[in-house]
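Only one chain comes next, encoded as structure tokens, the form predicted alone.
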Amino acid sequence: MIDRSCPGAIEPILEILDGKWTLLLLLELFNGTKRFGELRRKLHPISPKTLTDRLRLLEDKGIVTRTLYPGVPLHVEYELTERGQRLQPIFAAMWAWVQENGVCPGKEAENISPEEAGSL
């Protein structure tokens, strides 16, 4: 499953997914384009600085695109790149693990495919 001949092979993905809010942020972006304020509300109580830092890191890594729309008021939208969308199988695998191990607090395990988990 893991190629032991290259022990640092997964470090780049771990760097991308590192951080308290990154996984939750990506999960929100799997559902489509979001504005900064919308992400802040969905990820409450994340601070604006932390959200900005995470978004910048993901943008630097080619996972997220930032689109600035001029005008009053100025607004910015974030969406996953094609590279970012390719992270969905990781989330689907995590969802499948949760379902198989019954660790979803307050919910009974549901039968859901990994494809459906990727769209959560």
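No experiment lies behind these values; they were computed from the predicted model shown. Residue numbers here begin at 1 and follow the sequence given.
Unshown form predicted in complex with the DNA; subsequent notes refer to it.
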Would you please decide whether R56 lies within 4.5 angstroms of the DNA in the predicted bound form, comparing each non-hydrogen atom pair?
yes
Is the gap between T81 and the DNA in the predicted bound form 4.5 Å or less for some heavy atom pair?
no
With a 4.5 Å heavy atom cut-off, would you call T50 a contact of the DNA in the predicted bound form?
yes
Should E11 be classed as touching the DNA in the predicted bound form when contacts are defined as heavy atoms within 4.5 Å?
no
Residues in 71-98 close to the DNA in the predicted bound form, defined by a heavy atom within 4.5 Å, in order
P73, L74, H75, V76, Y78
